[in-house]
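Okay, so here's just one chain, in structure tokens, the form predicted on its own.
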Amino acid sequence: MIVAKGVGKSFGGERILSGVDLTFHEGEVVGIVGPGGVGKSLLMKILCGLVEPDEGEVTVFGRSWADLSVTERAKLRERFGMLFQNYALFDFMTVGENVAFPLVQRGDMSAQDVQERVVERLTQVELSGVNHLYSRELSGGMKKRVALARATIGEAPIIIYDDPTAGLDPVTSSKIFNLISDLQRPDSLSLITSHDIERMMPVCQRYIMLYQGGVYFRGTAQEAKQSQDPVLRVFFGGDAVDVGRRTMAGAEGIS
């Protein structure tokens, strides 16, 4: 469904990604992990065509983003659903209007059908009866579930979840990952960026770990845990208190 070849990107003279080669298939749930600042969110934006790579190519369903016109890009993006790290809810819209937005933009459903789909999806994410509320009236966990409902309501074949549990308590985080699992379809591809390895375990089939500008590891959680690599042992083994740059730098010194 998605193929990245030799993808690289720099900002302000700093190399963030280099030589990234990845392939993602239908039916997969893939965790994109790594310490903070390694380019996980950036990679997601490159894959869905929101950011242009400096080099390399990304193809989606066999079509390269670089070869598409503005209109063609917009059409292809309709095949993506995205839950942004900071919710990205429209504060001037109600919950119901936010969730309905992808369907309204697509323009192929009646208003009644849209509203029925919105009610159904909000019920699935345990937010029945909040259609009329605005984002300022919601807790962080509720905002995430609204964003989750909006990302999945169009039943796009590719769903990107960018740090879906950032800032949430453990109980709410578990609930979000359970909902992601419940909403996954056999014919869709889901990509999840997160530091919450433990709660990703029941959801993700395999992992891509970014580190030092490139793909450091690709494989299952079990393969990572069984590895003798010190960085993987710290990151997947549950010994790290902080999975940011400092912890991973310290892991390099483990013998």
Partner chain sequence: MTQMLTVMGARIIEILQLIGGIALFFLRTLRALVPPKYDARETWRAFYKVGVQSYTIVILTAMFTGAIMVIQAGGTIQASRATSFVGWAAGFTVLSEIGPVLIGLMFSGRVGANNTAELGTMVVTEQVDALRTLAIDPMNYLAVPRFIAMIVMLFLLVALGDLFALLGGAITSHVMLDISYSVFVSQVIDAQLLDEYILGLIKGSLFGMSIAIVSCYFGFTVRGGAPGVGRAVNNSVVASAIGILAIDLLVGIIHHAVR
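Positions refer to the first chain, counted from 1. The model shown is predicted, which means the values in this text are computed figures rather than measured ones.
Below, we refer to the form predicted in complex with the partner chain, which is not included among the displayed structures.
Participant: Identify which of S173, Q184, Q85, Q124 has a heavy atom within 4.5 Å of the partner chain in the predicted complex; exactly one of them does.
Facilitator: Contact residue from the list: Q85.
Participant: Are any of the heavy atoms in N178 no more than 4.5 Å from a heavy atom of the partner chain in the predicted complex?
Facilitator: N178: no, not in contact with the partner chain in the predicted complex.
Participant: Given that the partner chain is not shown alongside this chain, does G96 nevertheless sit within 4.5 Å of it in the predicted complex, heavy atom to heavy atom?
Facilitator: Outside the cut-off, so no.
Participant: Check L50 for me: does it contact the partner chain in the predicted complex (non-hydrogen atoms, 4.5 angstroms)?
Facilitator: L50 belongs to the contact set for the partner chain.
Participant: So, in the predicted complex, is A147 in contact with the partner chain at a 4.5 angstroms heavy atom limit?
Facilitator: Output for A147 is no: heavy atoms all beyond 4.5 Å of the partner chain.
Participant: Is it true that E78, L89 and P102 each have at least one non-hydrogen atom within 4.5 Å of the partner chain in the predicted complex?
Facilitator: Yes, all three are in contact.
Participant: The chain here is shown without the partner chain. Which stretch in 42-50, 226-234, 195-203, 26-34 comes within 4.5 angstroms of it in the predicted complex, by heavy atom distance?
Facilitator: It is the stretch 42-50.
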